[in-house]
Structure formats: structure tokens, C-alpha cells
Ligand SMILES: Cc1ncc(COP(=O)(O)O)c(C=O)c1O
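First, one chain by itself in C-alpha cells, the form predicted alone.
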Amino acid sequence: MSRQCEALIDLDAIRANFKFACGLAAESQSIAVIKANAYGHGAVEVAHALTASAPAFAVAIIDEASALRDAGINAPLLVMEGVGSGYELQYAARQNIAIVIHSDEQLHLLERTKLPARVAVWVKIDTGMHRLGLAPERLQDAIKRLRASDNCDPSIVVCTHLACADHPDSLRTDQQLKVFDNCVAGLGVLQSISNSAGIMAFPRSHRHWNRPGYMLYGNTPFAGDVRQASDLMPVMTLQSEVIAVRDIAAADSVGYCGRWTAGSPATIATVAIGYADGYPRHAPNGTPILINGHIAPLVGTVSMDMITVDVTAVPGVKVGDPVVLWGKGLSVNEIAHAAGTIGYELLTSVTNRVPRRYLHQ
């Protein structure tokens, strides 16, 4: 029996979302973030879909950049964690791959490595997230050293990352912006701050380069309502089908450890998807599932290959009926909220066992 589940990837939707992101910050350029296999959507396919509109793409690590080059993606790339060896730095210089420098070690590496060509450099400063980045007081010296290096392209970008932009009421974003602005004043460098949340909620964070990621895939980074979120189009629809239907009596339990027990006679549909496909094992009873256009609750423990759904209130469910786990008609954020996680994790957790089918290539 072949696997019934698949992830439909709507490439027209991702093109529309990128255009929307660019429109929110029309005076900036936007670099499309396609790290982590384009958040589970397929980095090569997404890059091809956006080649005509995105001036550059961003990934996390050099291996992701290498895979794109091997697949024939020739657009400028940015490696946001930078490189860790002279070999990686030489590869970046040969392949028109920009690198982020976020530490003294990386700065020393650039200065002492013999390169075949200059490399484009983004310098990351730590304005308050305390994860990566040079201390703000180190920026002026770093820029001076980079400008003195024959290995560095003159067009230096200074960037930072916002820790709380997905909480529009937080004061931390304004604090980070103040630190950033004080650091770059008078340096004459290009700037980059905005992630998806910054693009949507903090126009003051729009700079020369913005870095939309999660929003490209049709999902809002905010827990609450933000006006622009309604304009995003979901890109991935994770779907499967019913493979069994059975009636159970009151007091019968379902699944491993009998985590759910019927309070009255019920009809249970078994769906071909499980945690080996990336559906969250910790999803609780009541997590919404879309069957035949109706919402029905997950019941019982998520198995490796299957879930069980109470379809008592859904008329006429039968083997072969379509099931949407998230996507069009059911936001991945809603499933993430029920499972106590975030949509980013669910999208990037869809495994290679699930085939991706691309629409509107």
C-alpha cells in the first residue's frame, strides 16, 4: 500500500507572499530566507519559483548554499551563520556567496585566508538577543579592519536580529533599534534588521535589506491579530486520507495507552499520517483535523504512521476521504498552538517520507 499523505506546495502563493513582503517595505530590498530546506517546502524549488523576483536568497549554513549551487541556483546567496574554515571561506568567494561575520574568530579568519576573490560581508552585532553577534562597541573597529582587508567587498552590510518583534507590544524591539542606530551612526554602511515580524509590525526596522522568512510560507509570526496577516496565502497543505472507519461503544478506548475513551458511541476514522511523517506526537486530544471540509477532533495518541479522529459528527466519512492536517482551510499555527509549539517547527519537521507535490511551477 503506497503512502497516502503528501505536502502540496503552492508556488504561486509563495510568489504572492514575497511580493506582499516587498510591498510592505517598498523602499528596501528583500532577501528571501530559504534556510532549513525553505522551512520544509523545498529550497531548490522555492528558489526557482522566486528567481525572477528575489534579488538574493539567505540560508543558515554553507552546506545549504552549496546544495543550491549544485542545483543550478546562481543568484546571490547569504550564509547567515557564516563560515568556520578557510576552505568554506574560499568556496564562498568562488561561488558569489556572501557571509555573515558574527565573531572575532570569523573576522580573523577572513583577514588571514588567501582568497581567489573578494567576498561580500555582512557584520552581525548583538543588540540584545545575546545569541550571535559582535558586541556593539566592537563594530567600529571591525568595519575599519574589513575596509582595510583585500578579502572584503566594499559594500559591507551591518545586521542584527530582533528577539521580540513577534510581540508588537514589547519594548525590547525599540531598545534594540536604538542600540543599532547608535552603533551604525556615521559609518556609511548598508543595514539589515527586519525579519518577517519586523517587516509587518515595525516599519522603523525597515532598512536597505529586509529578511522575510516565515511570512513567505503564508503564516503569521504573531500569536495575536495583526492586520497584514490576513493577506498571506498558505503555501504548504499537508494532506492525507482516511484508511479505516470503525464504530466503537461507549467506554471503549482508542490508541496506545487508551489516552482517549469514548463517552458515548462514536465513529473513529484512522488517517495515514504520524510522527514519522512529521505530525507532532505530542498533539493532544481535540487538535483540529479537517475531514471532508469539516473540523473533527484528534483522539488518542499519535502513532508513528497513523492518527485517529472522532468523526461522529461528520456525516458519511468513508475510506479514501481527503484529510487536511494543516494548510488551506486550517492554519498550521492553529495546530501548533494546540500542540504547544510553533508553526515554524511543524513545517520544518515534515519528513522526507512525505512527497512534496509542486503546483504552479
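Note that residue numbering follows the sequence shown and begins at 1. What you see is a predicted model, and the numbers here were worked out from it, not measured in a lab.
Absent from the display: the form predicted together with this ligand. The rest refers to it.
Only one segment in the set 66-74, 332-340, 27-35, 309-317 has residues whose heavy atoms sit within 4.5 Å of this ligand in the predicted bound form; it is 27-35. Taking Y214, W209, W260, F180 one by one, only a single residue has any non-hydrogen atom within 4.5 Å of this ligand in the predicted bound form, and it is Y214.
This chain lacks the partner; the member of Q191, N195, S240, Q106 within 4.5 angstroms of this ligand in the predicted bound form by a non-hydrogen atom is N195. A residue is said to contact a partner when one of its heavy atoms sits within 4.5 Å of a partner heavy atom; K124 meets this definition for this ligand in the predicted bound form. Although the partner is absent from this view, H161 contacts this ligand in the predicted bound form, with a non-hydrogen atom inside 4.5 angstroms.
In the predicted bound form, this ligand lies farther than 4.5 Å from every heavy atom of V119.
None of the heavy atoms of F20 is located within 4.5 Å of this ligand in the predicted bound form. Along 125-149, a non-hydrogen atom within 4.5 Å of this ligand in the predicted bound form is carried only by R131.
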